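The structure tokens that follow cover one protein chain in two forms, given apart as structure 1 and structure 2.
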Structure 1
């Protein structure tokens, strides 16, 4: 269960300021990430995907997949946060949801200042839901580049508030809910991609070194038959499919991304992403073909496209 250095104090918690973080990335990081989410994995000269890993006029011209920004919040939950009166075991964390807003085209290299804040915390008794928001700026600029909100389900971390009035806090609009209703109509587009058996080993080079995705012994301790694919890797596959099939290959049209992780994926399985274009919103669902199981759902808000394909 959750432990604390002092009695849980909601006012103290909400007044607590989380430290800024700094990060730097370059064209090599961008290309490795793109390969990690399957770019050119089916066809090495795919014109819709080659631009994410290569440009004839030099690597500084490669384009950046919008889900790359999820890396900017990497480590906030997995390494643990110092919150007054609230502690949790990062090894018991499950990544539940990811919400992303991209405000302007992403440069192929940058040095960033990441402003981190508590976006939500709920006591669920035997578990807690913790939401961390990361707002990223290029160094020397006051213009916001992107925002990430990461939701973690923390097993064993609940029970920290008054049982008669469980603690629940959110500081973002209800319109940013991640729940979606999957349409019963035929999808506007469908994309099928097979992940590689080594997909998690490649994706981890982008910075998520959790051994659950690489070490068979750790996976067995977590009651999985073998290492599982990172949820954010699955999200990268899905959004890449939407860019290719709906956005005419242009990543700059992506404005908002939401993803809710429903089940695990094993490297080597085939992902089928179904997409429904509704005005300037794409509802999507990703399934594992071999098990016919939904593993991810969400929506993408886009810029400047017509309401029909």
Structure 2
């Protein structure tokens, strides 16, 4: 249950305006992010992955992984948001889902203005689901580059509304549901990659400094035996695998990405991503090999490929 000082006030909450944030990045940030999601982590000269880290004609030609844009949604989210009319324990906050739309090829450097809004809040009884939407515009041209919808799973913060009429608010169509059905057929492709024991320590250098991923004491307070991997790092591994196996290595074919974090990943574990190509949609599921446990599932919509698998 939400704590007693947390009088739920939907009018106050839904009227609340979240502040704009700014993001500036360059080729170095792009490369550090790619290393953080395992680019060249198994093979330093892998031609499918080197292009995200290095370019022979200069770093301005480096390619940007589409999941890089998830960094623009971080703002103050990683430690939780201060919201009027709704209180929760930020130490129990988990990343539940991420939905991304990329509208045009990503430049290797840019300055962006991020417009942030509350996209959803649901009372699930034992937990609350909080969704924040971030629309990122290129400074100068004001062109919309991408949109992120970040879902927080707030353990212990549910039960703030009537159990016979749970509170549910969403400002986007129900067709954008992120829960996918995994096909029972053989996957079109499978990719296996080992994360490093230091993976979260490297990934956090891209700007997600939540100590849940680095500090053993903070991890224990959050009820984990040791620091866990960032959900967005696992998502980065999975989408990089799909670009390699299905998109012929071309990151600009990725239009939409959805992912639901099903279970926690510990740095050092091996990720196996299975993918099913269905028209222009790739359904995927990532499992931890050592525990045979599904940790992430979702879909990727692609812009079109010259031939099918």
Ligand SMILES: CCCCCCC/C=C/C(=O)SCCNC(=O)CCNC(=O)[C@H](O)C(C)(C)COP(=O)(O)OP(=O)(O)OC[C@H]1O[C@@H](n2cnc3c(N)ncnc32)[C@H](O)[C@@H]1OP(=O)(O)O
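The term rigid core refers to the most C-alpha atoms you can superpose between the two forms while keeping them within 1.5 Å. Positions refer to the first chain, counted from 1. As the structure is a prediction and not an experimental result, all values here were calculated from the model.
Note: the form predicted in complex with the named molecule is the second of the two, structure 2. After superposition on the rigid core, the Cα atom of residue 293 is displaced by less than 2 Å between structure 1 and structure 2.
After superposing the rigid core, the Cα of residue 89 is displaced by 2 Å or more between structure 1 and structure 2. Remark: with the core as the superposition reference, the CA shift of residue 220 between structure 1 and structure 2 reaches 2 Å or more.
For residue 156, the displacement of the CA atom between structure 1 and structure 2, after superposition on the rigid core, amounts to 3.7 Å.
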